[in-house]
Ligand SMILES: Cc1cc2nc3c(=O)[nH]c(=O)nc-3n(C[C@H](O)[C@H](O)[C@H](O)COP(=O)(O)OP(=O)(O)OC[C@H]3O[C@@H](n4cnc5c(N)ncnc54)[C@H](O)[C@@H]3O)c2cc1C
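This document opens with one chain alone, in structure tokens, the form predicted alone.
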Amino acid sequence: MSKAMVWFRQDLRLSDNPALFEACSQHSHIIPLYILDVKNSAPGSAQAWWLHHSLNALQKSFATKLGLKLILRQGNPLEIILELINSFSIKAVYWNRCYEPRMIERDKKIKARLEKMGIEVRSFNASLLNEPWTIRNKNGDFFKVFTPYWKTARATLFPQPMQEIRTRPIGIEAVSDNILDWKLLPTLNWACQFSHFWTPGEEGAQQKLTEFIDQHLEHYKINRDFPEKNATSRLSAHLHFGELSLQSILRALEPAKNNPLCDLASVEHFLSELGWREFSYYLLYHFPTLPYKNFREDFDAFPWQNDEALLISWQKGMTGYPIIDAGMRELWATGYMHNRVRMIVASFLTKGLFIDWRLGAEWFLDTLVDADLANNSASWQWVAGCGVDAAPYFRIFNPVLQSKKFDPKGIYIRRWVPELHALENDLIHAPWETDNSRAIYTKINYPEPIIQHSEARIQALHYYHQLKKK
């Protein structure tokens, strides 16, 4: 009789789970374990809601498909793992690798301690198409620009067969926490609408993938920029929690690619979006200070103003710019924001309000259900102009022009800023620009713009030019 432990982290699924597959293949008895490690990986408020429901779904999957009990524990992972090893004579511990700096450091220490005790430790890649240390340029160095990185990484992408669990090990009965005691759900249920938009868990992830390929993959490259069309995959949160493997996405795309009528340009564009996620983890691994330090050191001198009142207006969706407010309200109501709108609101915060990108990133980490530390950090630095492969300093999104281009009929705005629903399409993007704007504002309960974009743009360009001189 051989006993093993499978430590679940950001891999909350049964299928395509290499750590679980190998443990079930090699051992007769296993403990599936999830540890809430608030010191190293505390979830944001929105992700805490998701985690609660995802773990419930995983518990049900274990019970119905493998006849096993998922053990839940909260606390120090090393102490909990050692307790279970000693209590049940565990000989091997399996996990899938994490790539955030704190988790890497934690896992190294745990592995070293266990191996010193004679415990076998095996880890696997279950989260990325290419792990960060595997992609290098021709000089053997690491890429700092996305396009050449993705060209190299894309050449290695081939769907791998799914690993199916064929043996059912016996579960080891250990004491488990009650997930309700973790209090992951909000006391004041501001997340009451989340369940209308999301179904956390492996089954929900598979449904979302099927829906995307069947309904939205065609013309994805064009439609993805229009927030009212709901044409993106919406798989990001499922990927963050590991409810869906990237290999399963590659396999699911194969039949579509083989269809003579397939929109191959859209398939490639969707893959490149997955590539940006990969690149973000790549950057975080090689530059672990990415979440809090400007990659471009000259940006350390940027004169952030960090006006708290302006920050709160942005957070609450009360800036007076309809497309900005629609995005921020969508975020609050759903734990999600359309990607095009994310870029617009981030540009507005950093290059319009002159608020430090780190404050925006912090808000996103707390309110997004899909907030990867890697993707969030890399994307905010890209928009602010201080990161690797950053957007040119002179690229300052004009919220009105962006609104007119990507929400021309105001459908997205009307959904999330209902006080503007009665305005005509040509007025809804910038109510203040009309001759009778005063009459309009007396009829609606909506703020006038908190800044003038044209003036802020001039100021931003001045700041950026000053940085270039240093």
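Heads up: residue numbers just count along the shown sequence, starting at 1. Note that the structure is predicted; figures quoted are calculated from it, not measured.
Below, we turn to the form predicted in complex with the ligand, even though it does not appear here.
Inset, instruction - Spot the stretch among 373-381, 315-323, 181-189, 250-258 with residues whose non-hydrogen atoms come within 4.5 Å of the ligand in the predicted complex. - result: Selected stretch: 373-381.
Inset, instruction - Indicate whether the candidate residues Ser236, Leu274 and Met337 are all in contact with the ligand in the predicted complex, with contact defined as any heavy atom within 4.5 Å. - result: Every residue of the spot touches the ligand in the predicted complex.
Inset, instruction - May I ask you to check whether Arg342 falls inside a 4.5 Å heavy atom distance of the ligand in the predicted complex? - result: Yes, Arg342 is a contact residue.
Legend entry - Partner proximity in the predicted complex: Ala346 to the ligand, non-hydrogen atom cutoff 4.5 Å: Answer yes; at least one heavy atom of Ala346 falls within 4.5 Å of the ligand in the predicted complex.
Inset, instruction - Please check if Leu368 has a heavy atom lying within 4.5 Å of any heavy atom of the ligand in the predicted complex. - result: Yes - in the predicted complex, heavy atoms of Leu368 and the ligand come within 4.5 Å of each other.
Inset, instruction - Determine whether any heavy atom of Phe142 comes within 4.5 Å of a heavy atom of the ligand in the predicted complex, and answer yes or no. - result: Judged by the heavy-atom cut-off of 4.5 Å, Phe142 is well away from the ligand in the predicted complex.
Legend entry - The single option of Tyr220, Phe302, Tyr99, Phe354 touching the ligand in the predicted complex, heavy atom within 4.5 Å: Exactly one listed residue reaches within 4.5 Å, namely Tyr220.
Inset, instruction - Select from the listed residues Tyr149, Phe241, Phe364, Tyr282 the one whose heavy atoms reach within 4.5 Å of the ligand in the predicted complex. - result: The residue from Tyr149, Phe241, Phe364, Tyr282 that makes the contact is Phe364.
Inset, instruction - Go through 184-217 residue by residue and record those having a heavy atom within 4.5 Å of the ligand in the predicted complex; state none if no residue qualifies. - result: Counting only heavy atoms within 4.5 Å of the ligand in the predicted complex, no residue of 184-217 makes contact.
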